[in-house]
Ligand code: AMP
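In structure tokens, the next block holds one chain alone, the form predicted on its own.
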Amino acid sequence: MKVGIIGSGGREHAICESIKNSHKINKIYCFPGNAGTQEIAENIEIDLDNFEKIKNIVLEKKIDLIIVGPEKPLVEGLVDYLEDHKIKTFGPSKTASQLEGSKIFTKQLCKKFNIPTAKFGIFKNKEDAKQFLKETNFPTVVKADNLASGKGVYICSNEIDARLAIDEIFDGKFGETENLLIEEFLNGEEMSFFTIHDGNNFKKFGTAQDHKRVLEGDKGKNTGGMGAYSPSRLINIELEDKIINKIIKPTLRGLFELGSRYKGFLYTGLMIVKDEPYLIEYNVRMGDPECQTILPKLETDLIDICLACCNEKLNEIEIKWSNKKSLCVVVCSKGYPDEFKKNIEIKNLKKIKLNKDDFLYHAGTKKKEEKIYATGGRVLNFVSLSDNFKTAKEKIKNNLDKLNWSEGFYRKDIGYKVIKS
């Protein structure tokens, strides 16, 4: 069969690598892909906003299954559009994707179904939001309602920082914004919990800990993710039961009442406070870089899983995992998440020889005349599996030293909570 992957990041390269050895697949297409996917798939340069063109290419190439990686086309309804044209597509509908597309949609769902989350206020203009700050305890969290590539969240330690965040959001830093949230700061530890759904059934799909802040020690601005490890050190059977019964099941019930059944990956971003889970956010796809951290541990054919979801037969498949630990370090262009140079050559990639449990996923890269260039903020993902996190990180460090890319940087403390110095 022929499979198409929508997206161009490290997540999509990881999906390509995961499915390339499936006995069911004879061709992979990436829309638009990157330099890494180009080695194993046919990249198709395309504007992901042009649904009709995507549909026409899928029909022309006779692609049997589309897997949608990033959030924007999901939120804008690509799955609905392709399914209306009888194209088998893995991912949630436009309605279900509002879980990520609108933080206010999710917060209101939480309120109605008693899903544990931080207390919050919704504001439609700067004046009301800033007035609310006078009654707010700090630190507090200010969020853009709309999609912001993981960067529209400000943790503000004082009123000056919070007022600046409000100005930036309403002034359009993350696109046009009609609403803004100010919510209570929860003091705990974050965790990412993944599930996979077929509209009727769901199964667990791993846990991870992401490192969002750009600087070591979890300082600096929020990013799309500087690295991750899996599994989370926090997970246990009791906590898992709480997450499923207090958060995920009520959410699915809420969507069902809206006439929507969830299909695809669901990323539940949590804050664990005194062994109790609180919902921070939903992502309606695999996280990035959590996907790169989790998929190398998957032993079941990912294509079989995706097809089972599309055919509402997820309950008939057993998902098997490696027991190894996984760690991912993201290499970024200097200047990220602010301004950075583009089209910078990445030398030394050929010096890196990957062993069986080592992986290198491309994100913001492009291949031109046999050379690889950095085109994005997050550029490469180095992943290693091992019996322990310390060894995994040592293997990654060895490959990063071989890369020795002077135009890039990475956090040297990824996994510091699970690796004893």
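The first residue of the shown sequence is 1; numbering continues from there. Remember, it's a predicted structure, so these values are computed and weren't measured experimentally.
One more form of this protein exists, namely the form predicted together with this ligand; it is left out here, but the text below deals with it.
Residues placing heavy atoms within 4.5 Å of this ligand in the model of the complex fall in a single listed stretch, namely 182 to 190, out of 91 to 99, 78 to 86, 182 to 190, 161 to 169. None of Leu314, Ile247, Ile122, Val141 but one reaches within 4.5 angstroms of this ligand in the model of the complex through a heavy atom, and that residue is Val141. Just one of Ile346, Cys110, Leu252, Ala118 comes within 4.5 Å of this ligand in the model of the complex, counting any heavy atom, and that one is Ala118.
Contact between Lys212 and this ligand in the model of the complex is found at the 4.5 Å heavy atom cutoff. The closest heavy atom approach of Lys263 to this ligand in the model of the complex falls outside 4.5 Å.
Under a 4.5 angstroms non-hydrogen atom cutoff, this ligand in the model of the complex lacks Ala308 among its neighbouring residues. Though the partner is left out of this view, Thr268 does not reach within 4.5 Å of this ligand in the model of the complex, counting heavy atoms only. With contact defined as any non-hydrogen atom lying within 4.5 angstroms of this ligand in the model of the complex, Lys103 is the only contacting residue in 87 to 107.
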